[in-house]
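First, one chain by itself in structure tokens, the form predicted alone.
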Amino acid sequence: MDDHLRALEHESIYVLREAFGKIQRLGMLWSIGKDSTVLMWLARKAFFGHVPFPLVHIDTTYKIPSMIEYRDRVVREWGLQLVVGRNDAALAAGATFPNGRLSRVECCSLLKTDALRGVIDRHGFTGLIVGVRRDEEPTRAKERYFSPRDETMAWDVADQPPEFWNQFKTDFAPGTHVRIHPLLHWTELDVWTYIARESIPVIPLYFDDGTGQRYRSLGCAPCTGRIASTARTVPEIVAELRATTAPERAGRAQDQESEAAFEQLRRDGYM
């Protein structure tokens, strides 16, 4: 298993360094979840203890409060540069799912995708590093390591560059926005096994707090449910994952509305 994790790590670090060397203005999306936290850890390894680009957090204002507390503490302790995006106009208008005005998918489009567009326009990011994995959700299995979008962040899933033998297309036409996915080849079990090996600090919401429940996937509080679990340590989560057949994002309510709607959301620029 250690050789397997070492190979995963090396490939991800290679992708990170390729992105840094080839793409002019980079940011890294940080959801505060396990995948993007592992990604941040890998970036520190790739660049000798330093993350040389800003972390971007899209704040819907509906995150679980301890997620924001964890975010701010890690930023202080690790000396990170943080950019926060928020769709203040939609929030002021009450155009959200929790206010009863929109569906969950429509809410995600406004509070996440549109907020992300605003961050990209404001900071001029030409590439964003994202911690998505192929095994996590069906539409993400269609991604590439270097995935081009047009100037509006739209993703043409049928027009993606081939990637063979670690040969990645990194030379794109002016105006192209690129998503970089260094964890694309990892699985959920890989992520937790790596967290155990590296002793990576993750938010305590992933562990049973004594109620017999924990979060397996994190998002906005109104749309994210907990699972039945007594796992209180990383090794216990690893053991649990080896035995379960339940999908990782079963607790994410927006995924259940419509697979076609979720793919359209990603085509429009969603994470």
Partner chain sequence: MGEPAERLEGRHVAADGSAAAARLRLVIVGHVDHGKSTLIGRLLYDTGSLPDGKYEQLVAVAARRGVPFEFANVTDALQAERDQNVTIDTTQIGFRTARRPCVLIDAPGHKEFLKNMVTGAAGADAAIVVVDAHDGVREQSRRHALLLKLLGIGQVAVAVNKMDLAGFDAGLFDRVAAEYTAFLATLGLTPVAVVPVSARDGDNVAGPSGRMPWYGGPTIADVIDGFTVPGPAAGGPLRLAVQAIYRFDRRRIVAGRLESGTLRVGDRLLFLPSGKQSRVRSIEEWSAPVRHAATAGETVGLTLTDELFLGRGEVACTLEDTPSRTARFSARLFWLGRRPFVAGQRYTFKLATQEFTGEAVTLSAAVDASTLEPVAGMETPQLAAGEIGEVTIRTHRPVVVDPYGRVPALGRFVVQDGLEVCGGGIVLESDEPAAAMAPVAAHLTRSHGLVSREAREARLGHRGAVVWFTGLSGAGKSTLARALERELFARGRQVCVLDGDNVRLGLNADLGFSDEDRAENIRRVAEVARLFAEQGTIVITAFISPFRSDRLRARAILQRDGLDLPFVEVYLSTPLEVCATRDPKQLYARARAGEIPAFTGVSAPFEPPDQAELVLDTSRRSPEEATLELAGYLEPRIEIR
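Residue numbers count along the first chain shown, from 1. Everything numeric in this text was worked out from a predicted model, so none of it was measured.
Note that the form predicted together with its partner chain isn't included here; everything after this is about it.
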{"item": "Partner-contacting position among R117, R86, K169, R179 - heavy atom within 4.5 Å of its partner chain in the predicted complex", "value": "K169"}
{"item": "Non-hydrogen atom within 4.5 angstroms of its partner chain in the predicted complex for each of Q24, P65 and H123", "value": "no"}
{"item": "Interface stretch in the predicted complex with its partner chain - options 107-115, 94-102, 194-202, 123-131, non-hydrogen atom within 4.5 Å", "value": "194-202"}
{"item": "H185, heavy atom within 4.5 angstroms of its partner chain in the predicted complex", "value": "yes"}
{"item": "Contact label in the predicted complex: A90 to its partner chain, heavy atom within 4.5 Å", "value": "no"}
{"item": "4.5 Å heavy atom contact, G49 to its partner chain in the predicted complex", "value": "yes"}
{"item": "Proximity of R144 to its partner chain in the predicted complex, heavy atoms at 4.5 Å", "value": "yes"}
